[in-house]
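Quick setup: one chain, the form predicted on its own, written in structure tokens, and binding and motion questions come after.
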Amino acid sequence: MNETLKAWVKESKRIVFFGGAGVSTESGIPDFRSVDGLYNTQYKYPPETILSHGFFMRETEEFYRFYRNKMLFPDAQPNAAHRKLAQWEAEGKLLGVVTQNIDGLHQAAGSKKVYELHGSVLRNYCMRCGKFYDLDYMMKSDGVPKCACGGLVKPDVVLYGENLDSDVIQGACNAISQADMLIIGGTSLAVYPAASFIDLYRGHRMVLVNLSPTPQDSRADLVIHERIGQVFSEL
């Protein structure tokens, strides 16, 4: 199967990559949905509740306790998948990366055209005056991070109950609709509306690389159930 993928990559000129949490787990960033024993002893609410707009506004301090412990990994480094995608873009073969991840690792690897559907932990803004704060500020702050103006500093990430950025959506949709090859990697395709974007692809080279089966396996032209970093390291 990987030989088929290799051949398709070589022949394609407008590749788009659509990725999820599985791309980041190989850089040591755990999927927050995998609730472990430690999580159960530390938090009274499921992660989807904590990472919602309503919870952020009501229980801001508890939100940040979870956010700092479970969502921020400043020492994480790009893996083989990130690096290969950046290489393809530099070679003019890749139209862009559409990602559900918020860690900024695609840009760290050198990718320029990255559509971050759910935002980024690297960007933080005051809800009152709009002043920008970086990840380092959020890591070093205690409790609820505040701006110099006294306003609340919020991560530029899309919480449950918030809308996706319309410009990012437009860019991602345009890229997918123009692709001659769509590679979907490290995602169960269970999070909507993001997962619905793949419906815009009209080509005949849809590749799905994921450790476990997804609801879309039957639609794909090629399915590879392997670690995405391993697959990309062989391309």
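Note that the structure is a prediction, hence the values are computed from the model and not measured. Sequential numbering from 1, following the sequence displayed.
Same protein, other form: the form predicted in complex with a small molecule, not shown, and the subject of what follows.
- Across the proposed site, Ala21, Pro30 and Asn210 without exception bring a heavy atom within 4.5 Å of the small molecule in the predicted complex.
- With the partner omitted here, the stretch from 197-205, 180-188, 167-175, 59-67 that lies within 4.5 Å of the small molecule by heavy atoms in the predicted complex is 180-188.
- Under a 4.5 angstroms non-hydrogen atom cutoff, the small molecule in the predicted complex lacks Gln216 among its neighbouring residues.
- Among heavy atoms of Lys154, none comes within 4.5 Å of the small molecule in the predicted complex.
- By the criterion of a heavy atom within 4.5 Å, Asp103 is counted among the residues contacting the small molecule in the predicted complex.
- In the predicted complex, the small molecule sits within 4.5 Å of a heavy atom of Glu226.
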